[in-house]
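Presented as structure tokens, the chain that follows is alone, the form predicted alone.
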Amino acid sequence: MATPGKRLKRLIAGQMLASRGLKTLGRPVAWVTSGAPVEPLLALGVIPFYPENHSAICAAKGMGAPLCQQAESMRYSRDLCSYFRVDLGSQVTGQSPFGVIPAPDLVVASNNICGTVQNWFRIIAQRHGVPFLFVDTPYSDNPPTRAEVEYVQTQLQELTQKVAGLTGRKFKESDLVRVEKNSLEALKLWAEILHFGAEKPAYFTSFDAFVYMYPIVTLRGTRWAVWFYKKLLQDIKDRRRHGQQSVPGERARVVWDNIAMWPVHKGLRKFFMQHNIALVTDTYTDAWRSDHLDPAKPFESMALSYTDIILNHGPMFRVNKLIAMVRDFKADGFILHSNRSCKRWSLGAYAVKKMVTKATGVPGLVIDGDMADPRAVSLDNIKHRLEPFFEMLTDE
């Protein structure tokens, strides 16, 4: 019986093979941001490709440094997002764990995750000489207002019309409803999977979620994602039935904030296991469990779903999210990744730490790192910070 890891590898290989084959047969390809509204594209038969996710895999495979250096040799600052630098380096050199990446016929971006992507994806469009389409989502510390949802809804309807015109494909709302049903089913499965971290002891951790989030990001809206998560959910239930907890001898439980540190992901996971610490949940993978989608209101619910996400809100939203996670997942502490590349997410880390500790009574720790550039991440330094923190958690 195939393990989840093997199934994921086959899924990724199958996705890339299908994308290249369909591109050859004339299907259009869109390079999109991770927060871009993918459902209208899928409804129109457009193949999405996610440069951010590709950069994360490059970083996890040890390719981050040389690809970043390639971008820097083109006079792009090292202070810029490492996902951008890895992606540009890959485009220029052709180096990728996936082999040949299908070239885009159009580029679709949304600023609901950060402001950098607007310039990054415009550069992609210029390099390939293809149209650049952009969805603006209002940024606030509060849930979206009715006016804000309507503003984004109008853009999504216009985006759909533009993509249909550019690709020569006919839009049918029934196709959009079908795709949204797939997205909603996958999102519900993902939410159920993530909740296994709330059990004590945990039967699923964020180190697992960081890896298995691939389909919910890049295959959202497809039956492939639904298939994968049904299998993964059954695997977790089987492990629980046999008492196979994620961290044998679990001694403490921790919440993680921000993106994973892909260059040291394996080493960090091993260190947590050695100290019997379970990383029970995180704000990163939780961002893809939105329950706003409603196929009965396809455009309106999409507008709310793609506007009301953690990175489109300010620090207080993050504070409240972390407080809820600490309580719901019975955590003994929390860790804030001060991510050199993601300044929007790392904003006010020490203030966030103070407020979450005050509200929950559990200690927090801020650690410096990066999501893709190994030159900005020191596993040894991180271990030196984590060791006394773990001792404090397990001594209490």
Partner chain sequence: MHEIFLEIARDPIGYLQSWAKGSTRELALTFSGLFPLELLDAMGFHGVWLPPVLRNRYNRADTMLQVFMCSRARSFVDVVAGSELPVAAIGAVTDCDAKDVIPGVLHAGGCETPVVTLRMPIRVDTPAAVDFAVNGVRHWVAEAEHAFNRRLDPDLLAGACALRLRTRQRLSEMFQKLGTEVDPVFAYSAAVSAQVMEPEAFLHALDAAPWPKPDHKRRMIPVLMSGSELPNIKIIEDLAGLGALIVLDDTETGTRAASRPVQHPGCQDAETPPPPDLDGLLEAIGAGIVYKKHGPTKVSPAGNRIQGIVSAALDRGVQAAVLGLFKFCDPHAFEAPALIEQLKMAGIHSIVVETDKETGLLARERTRLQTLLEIVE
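Quick caveat, the model's predicted, so the values are computed rather than measured. Positions refer to the first chain, counted from 1.
Below, we turn to the form predicted together with the partner chain, even though it does not appear here.
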- When the partner chain is placed as it is in the predicted complex, which of 208-216, 154-162, 287-295, 190-198 ends up with heavy atoms within 4.5 Å of it? 154-162
- Item | Triple contact flag 115, 343 and 355 to the partner chain in the predicted complex, non-hydrogen atom at 4.5 angstroms | yes
- Of the options 97, 138, 102, 267, which one has a non-hydrogen atom that comes within 4.5 Å of the partner chain in the predicted complex? 138
- Message: Counting any non-hydrogen atom inside 4.5 Å, which residue from 299, 229, 84, 272 sits next to the partner chain in the predicted complex?
- Response: 84
- Query: Looking at the partner-bound form in the predicted complex, is residue 93 within 4.5 Å of the partner chain by any heavy atom?
  - Reply: no
- Task: Indicate whether residue 349 is a 4.5 Å heavy atom neighbour of the partner chain in the predicted complex.
- Result: yes
- Message: Contact with the partner chain in the predicted complex for residue 339, defined as at least one heavy atom pair within 4.5 Å: yes or no?
- Response: yes
- Message: Quick check on residue 111: any heavy atom within 4.5 Å of the partner chain in the predicted complex?
- Response: yes
- Task: Using the arrangement in the predicted complex, list in sequence order the residues of 116-148 with any heavy atom within 4.5 angstroms of the partner chain.
- Result: 116, 118, 119, 120, 122, 123, 132, 134, 136, 138, 139, 140, 141, 142, 145, 147, 148
